[in-house]
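One chain comes next, on its own, written as structure tokens: the form predicted on its own.
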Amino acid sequence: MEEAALRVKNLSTHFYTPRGIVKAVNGISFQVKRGQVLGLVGESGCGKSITSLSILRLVPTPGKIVGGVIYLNGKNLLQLPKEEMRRVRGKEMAMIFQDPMTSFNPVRSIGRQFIETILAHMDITKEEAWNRAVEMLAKVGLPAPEKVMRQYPFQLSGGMRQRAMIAIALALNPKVLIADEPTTALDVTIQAQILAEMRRLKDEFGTGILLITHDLGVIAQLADEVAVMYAGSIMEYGSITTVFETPAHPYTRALLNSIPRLDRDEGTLKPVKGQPPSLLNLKEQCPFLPRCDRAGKLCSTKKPLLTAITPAHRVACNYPLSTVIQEEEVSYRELACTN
């Protein structure tokens, strides 16, 4: 089995508010293997971004990591001193943030920020750092990279800022890359370039990638494994082919069936009924209970644990679906071909 570059076990991150406790991340476990991509998918507000911030120990106030362990190449990140954790960020583990505008310092040029990042982690000259930065900006498809180096964030479009941020994250060849919606605001041509660069990084350097996105087509195209997240918990976890072609959790099936398909008759789109639960003072029961068409008595009294149904497939459901492929379900191969 491939060695895990990043291992997360029983991670819980809560936000303490005057109204109560918001359980944004509620006891999740997963691993990112070297040279592979783990896709983390789910609806907005399910805890995907807070998971990434927890791994980097950047959870905003009043949030707090209240349980679990996070191992990066054998080191428990939650026990590292702050100064050592700063050295880990960028060099050993990099992140592509969801909002590129708030990720850059608005009063410093792209080049200055890029070079500062490289020099903080590499023993090279400023000229070498400049050349490395220009090379990376060109690799992510930015025209006139030397000009971009001298520009400020507000002078770039949203898509250009996104690509510049991706270039900085990839420049140091990190052992683990966390990509939070990396293809947002990018057209399909640039999206293909970014995904190709991420694929090169994992193949050439053995980088493990945690890819966070709502785009199931991107996951199908790039990921080796997928974790389906809902209301702060992981509902299903396994190989991309297994989870997408034979989903065992009702939420995973509903999520896949909500994707528009050209081979369906008009009006047969199947949205996921109902609304996600509030994460404020979340009850100890199955979080998908109010929206589930398979719920039983056990679901209201017991929160199901992520349990193996095959060696490569785990599900958190008291009444999992049959693993026989249903005719109406989206196939993994069809989904991958849409991107």
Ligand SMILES: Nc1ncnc2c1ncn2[C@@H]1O[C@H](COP(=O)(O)OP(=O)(O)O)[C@@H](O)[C@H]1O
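Note that residue numbering follows the sequence shown and begins at 1. Computed from a prediction, not measured in an experiment: that's the story for all the values here.
A second form of this protein, the form predicted in complex with the named molecule, is not displayed here; the remarks below concern that form.
- Contact check for V272: no non-hydrogen atom falls within 4.5 Å of the named molecule in the model of the complex.
- Of the heavy atoms in L282, none are within 4.5 Å of the named molecule in the model of the complex.
- Under a 4.5 angstroms non-hydrogen atom cutoff, the named molecule in the model of the complex has G47 among its neighbouring residues.
- Taking the partner from the other structure, the named molecule in the model of the complex has a heavy atom within 4.5 Å of a heavy atom of A24.
- Of the candidate stretches 283-291, 299-307, 39-47, 65-73, only 39-47 contains residues with a heavy atom within 4.5 Å of the named molecule in the model of the complex.
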